[in-house]
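Only one chain is included here, represented as structure tokens and corresponding to the form predicted alone.
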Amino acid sequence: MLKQIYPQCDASRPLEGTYLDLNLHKQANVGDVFIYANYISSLDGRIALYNADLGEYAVPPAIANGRDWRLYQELAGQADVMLTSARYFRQLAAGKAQDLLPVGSGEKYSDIKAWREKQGLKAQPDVMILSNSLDIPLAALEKVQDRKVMVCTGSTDQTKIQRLAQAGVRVIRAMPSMDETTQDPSTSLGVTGAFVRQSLIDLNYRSAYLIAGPQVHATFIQDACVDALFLTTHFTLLGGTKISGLVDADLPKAQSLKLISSYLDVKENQMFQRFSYVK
């Protein structure tokens, strides 16, 4: 059981359904999309530590846990589309990814799949990859052929674009502005949060689950293009100097958030919090 400590105090509820009951796929205004992000963090603000064996940053085993993963799956269950990075697919191809993109298989998540079907949603959310490099292993893409896969990019590399298109991936390219057309046409443009949000709206998506890293998170914050943050805080101090936090980039100004709900999970020594971004 979870103990709600905000906005009600001492109300209890089961873990299962805590996020699924939110109906995030119905939160967007007409002609808009609801974008939400999710992270698990240690008490000292680490969402990832550098793993020398893997040669990259990863969620520390000391805070990763099945109860948080259950709610991660519930958030995925409400998404029309999941927003991720090319890095995830490189990890997937190398066998280093935490898991295949949800909704997960097996009896543990059968209720989420049944919920999606009842809501008229497809069995799996579509996938939108945000990448300026387009370094995406085709072998990893084969693992998500049961859903629509798109790539948002600023790259002008026609060889890579054609390679992805031939694999059945829709490539959505950020076009240069009037000021940028005088520059070298081979220069890649960065994918912005505003561009991704508008692309999602143009594709008639209503709910998008952002599971990319802290730099992508910062890109969306800069353009005020993320609506909700779901944060699991595990009551563990990890320390370390090679770390990732919620935002690993400069922001033009501080971002305020409003606490919407908070649940204490005594069993796993953690807290589940929902915030909205103040715009």
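The numbering used is simple: start at 1 and walk along the sequence shown. A quick note: this is a predicted structure, and the numbers were derived from the prediction, not measured.
Not on display, but discussed next: the form predicted in complex with a small molecule.
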property	result
In the predicted complex, Ser110 touching the small molecule (heavy atom, 4.5 Å)	no
Residue contact check: Val191 to the small molecule in the predicted complex, 4.5 Å heavy atom	yes
Exercise: Ala48 in contact with the small molecule in the predicted complex, heavy atom 4.5 Å	yes
is_contact(Thr156, the small molecule) in the predicted complex, heavy atom dist at most 4.5 Å	no
Every residue of Tyr39, Ala86 and Ser133 near the small molecule in the predicted complex, heavy atom within 4.5 Å	yes
Per-stretch contact check against the small molecule in the predicted complex, the hit in 119 to 127, 139 to 147, 161 to 169, 205 to 213 (non-hydrogen atom, 4.5 angstroms)	205 to 213
The unique member of Ala58, Leu229, Ala28, Ile221 whose heavy atoms fall within 4.5 Å of the small molecule in the predicted complex	Ala58
